[in-house]
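Next comes just one chain, in structure tokens: the form predicted alone.
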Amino acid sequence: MFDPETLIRKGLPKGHFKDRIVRTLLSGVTYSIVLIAALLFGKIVVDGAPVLFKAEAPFVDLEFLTAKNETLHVFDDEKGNRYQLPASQYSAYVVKNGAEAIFNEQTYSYSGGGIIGPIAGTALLTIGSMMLALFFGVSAAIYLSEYAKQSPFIHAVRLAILNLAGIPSIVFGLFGFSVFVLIVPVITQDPSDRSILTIPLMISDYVISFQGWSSSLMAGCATLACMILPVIITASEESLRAVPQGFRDASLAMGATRWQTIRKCVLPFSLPGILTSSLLAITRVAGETAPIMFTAAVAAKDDLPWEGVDGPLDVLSSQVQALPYHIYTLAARIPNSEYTQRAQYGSVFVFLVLVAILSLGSVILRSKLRSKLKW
């Protein structure tokens, strides 16, 4: 064994052993977190990858990615052969062979077909919420960073924004339900019975009706945008402040207006930081369940959001499926069995792959912008 006093007399610092203990402890905690994450993702990959990939060409189960979600029918035929057919194929089997040829039938909701509906809904919710959040978030950050004077009120606004970042997502879901689904005003000729107030516009029969947007894609996007606004505002403001003040001074000295200075000299150099906040927001928006549960998501839908509609407004006013809510439904509302695990693990694996692709794309774009914009 080593004698600490002997080692100290030889010139080692007195805190050498304490430093090694702390370093070992911290490294152990760090690698434990990495190990837990690796085991978690490994479990998802092991169970979910076989659902998406297969041994023969084209090596990807395109039907799982492109088919609509259906009920899974499990049954035996007269010879004892076990079948697992989604509802559409099951109906064709019954027409061909007759209902008397089916034995020991069991059904599993949302466990057959594919997941194109949840994928499309998640993409629309993510794109819509990010467009809203970036517009309002970056606008607020520009005002707070470039225009607002330092005052107790502005400090209170910044504190409120920071506090909003810590509110649970379920609270945002209830907020979106009470505001965007039930109350927000709309211009219509046929106000709903639940409207709390109508204001005539004196233009034909149009009125402003405080009746909300109902459960819809538009309400879900607005709710998710409110949820990620604090992250985008805070990160964007810090990115704007990181741009050297000399850029602003030089532009103003040459006769440029404040907005021209911001647009030409500040925003381009702050884009990498804004993209970083967007990266964090995308991963959170894509994975949220509680907000869309109250405002936009539906467990099952026969058509894709853009099918059977007359225009973009109809798409915005329709409910959508979403991968997080689809996974929640499979895991919490459907009895777990060997027939539901394919849909469960396959959906989780596809969801992680989509989030990874979005994150990787944002990282690559941010790196390219950083390499071009240097000072």
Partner chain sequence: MQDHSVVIQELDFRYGSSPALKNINLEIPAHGVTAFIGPSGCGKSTLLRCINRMNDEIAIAKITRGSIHINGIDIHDRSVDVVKLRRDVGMVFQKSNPFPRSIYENVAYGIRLRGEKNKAVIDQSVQEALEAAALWDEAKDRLDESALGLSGGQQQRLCIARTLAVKPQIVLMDEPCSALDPIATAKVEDLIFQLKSDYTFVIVTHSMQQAARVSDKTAFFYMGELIEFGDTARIFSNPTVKKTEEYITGRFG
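Remember, it's a predicted structure, so these values are computed and weren't measured experimentally. Positions refer to the first chain, counted from 1.
Not on display, but discussed next: the form predicted together with the partner chain.
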item	value
Answer option from 155, 258, 194, 82, heavy atom within 4.5 Å of the partner chain in the predicted complex	258
Answer option from 78, 249, 205, 105, heavy atom within 4.5 Å of the partner chain in the predicted complex	249
Residue contact check: residue 149 to the partner chain in the predicted complex, 4.5 Å heavy atom	yes
The partner chain contact in the predicted complex: residue 123, any heavy atom under 4.5 Å	no
4.5 Å heavy atom contact, residue 268 to the partner chain in the predicted complex	yes
Residue 254, heavy atom within 4.5 angstroms of the partner chain in the predicted complex	yes
Heavy atom contact within 4.5 Å of the partner chain in the predicted complex, the stretch among 165-173, 128-136, 240-248, 285-293	240-248
Stretch 152-167 - residues with a heavy atom within 4.5 Å of the partner chain in the predicted complex	none
